[in-house]
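Starting off, we have a lone chain in the form predicted alone, written out as structure tokens.
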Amino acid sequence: MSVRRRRLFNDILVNGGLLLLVLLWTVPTLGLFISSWRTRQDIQTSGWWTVFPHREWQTVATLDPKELGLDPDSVMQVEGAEGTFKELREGVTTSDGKQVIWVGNKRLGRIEVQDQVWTVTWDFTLDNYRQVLSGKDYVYKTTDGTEEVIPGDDMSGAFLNSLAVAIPATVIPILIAAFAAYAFAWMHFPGRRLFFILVIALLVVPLQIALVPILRDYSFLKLNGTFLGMWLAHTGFGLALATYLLYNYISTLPRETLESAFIDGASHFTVFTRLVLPLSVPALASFAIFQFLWVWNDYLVALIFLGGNPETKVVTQRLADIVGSRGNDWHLLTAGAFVSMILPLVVFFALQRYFVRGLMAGSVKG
């Protein structure tokens, strides 16, 4: 095999494997997205894939066993199908591709003749999102015509609460970590190496072991149930990683540029604000994506420090409430999940051009 063919084979193998992984991750998400637009009845009676063209059994004729003189206790012949009551209950396929099935019991049952036809289920609705986002009562009509009044879930308040938590909890640690990373990279002070080792050591401390001590301190400081407590907690939990990532990037900035600024009389603060921050945008944006997603999708920290106050619940807590009270209502769960995904997707696609550059920060030296 020539070198060119070997490269082509390797490219096809690698790209094919990546495409397979993408499909494996995308298919469940696509199913949830489609389910969020389907009606409650459709979700309970058919799979999400029925929105695509598929063959399905449809009843073309309904027969009365009594009129046909059939005896359920013996072998029956009807519309080219032959079988016992048990076999007909499961469905018997005729020679022309139709299916004969007994529906009901022996005394009050009926016989349906079904044929396979191509069909799609495109009964989409906005009611799921209206019910999730609105606090108004929602009237649901069942198949038998009865009406059921269901209260709305009103996730709009939780959405705003998540914004109030996530934005400061993303900005504050980035600013503090940027100052710290610059100091570790370009300033000389006693104990610099020791302090940096301590920062790195904090990366291996599990978040869970810090919750109880912090909760005890918050109780003394009366910070439980406040957004300030959430900002401080997420800042503390994310500060070590932010400092480490930004240090790797800031330490690789051109030394000549910074030294020229120092020779011209610029202070460390001026160099940091005028040179380091603009040059560090890829690393800052990369960590901003991570931090925002962590805070937005956080449930444990919010549950511990915000508690069960309905006025301060975030999106993840409201979703947990829907799961707890309406675990069978997949049309609401899927709609609520995609409502919570909108803003993280916007943040990621807005900053994704910096993402790779930020992740590669400091990986190449020299």
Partner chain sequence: MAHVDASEKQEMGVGARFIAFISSVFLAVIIPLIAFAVIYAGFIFLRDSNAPKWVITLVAIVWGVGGIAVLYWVFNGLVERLPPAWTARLQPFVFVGPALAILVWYLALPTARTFWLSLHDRNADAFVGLANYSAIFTERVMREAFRNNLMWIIFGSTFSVLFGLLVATLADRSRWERVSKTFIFLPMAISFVGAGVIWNFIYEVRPVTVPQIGLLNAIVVALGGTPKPWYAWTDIIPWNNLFLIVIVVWLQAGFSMVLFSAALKGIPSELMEAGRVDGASEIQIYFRIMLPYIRGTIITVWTTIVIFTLKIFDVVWVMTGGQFGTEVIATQFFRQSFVARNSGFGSAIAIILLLAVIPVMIYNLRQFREQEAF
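Residue numbers count along the first chain shown, from 1. In this text the structure is predicted, and so the values were computed from the model without any measurement. Here, rigid core means the biggest group of C-alpha atoms that superpose within 1.5 Å across both forms.
As for the form predicted together with its partner chain, it is not shown, yet the points below apply to it.
Across the options 71-79, 226-234, 85-93, 123-131, residues that bring heavy atoms within 4.5 Å of its partner chain in the predicted bound form belong to 226-234. Contact with its partner chain in the predicted bound form, judged by any heavy atom within 4.5 Å, is made by just one of Leu108, Ile263, Leu160, Val117: Leu160.
In the predicted bound form, at least one heavy atom of Glu311 sits within 4.5 Å of its partner chain. A residue is said to contact a partner when one of its heavy atoms sits within 4.5 Å of a partner heavy atom; Ile101 fails this definition for its partner chain in the predicted bound form, lying far away. Within 4.5 Å of any heavy atom of its partner chain in the predicted bound form lies no heavy atom of Leu258. The shortest heavy atom separation between Gln291 and its partner chain in the predicted bound form exceeds 4.5 Å. Applying a 4.5 Å heavy atom cutoff to its partner chain in the predicted bound form picks out Ile176, Phe179, Ala180, Tyr182, Ala183, Phe184, Met187, His188, Phe189, Pro190, Phe195 from 176-196, in order along the sequence. In the core-superposed comparison between this form and the one not shown, Thr170 has its Cα shifted by less than 2 Å. Core-superposed comparison between this form and the one not shown: the Cα of Leu303 travels less than 2 Å.
Core-superposed comparison between this form and the one not shown: the Cα of Ser35 travels 2 Å or more.
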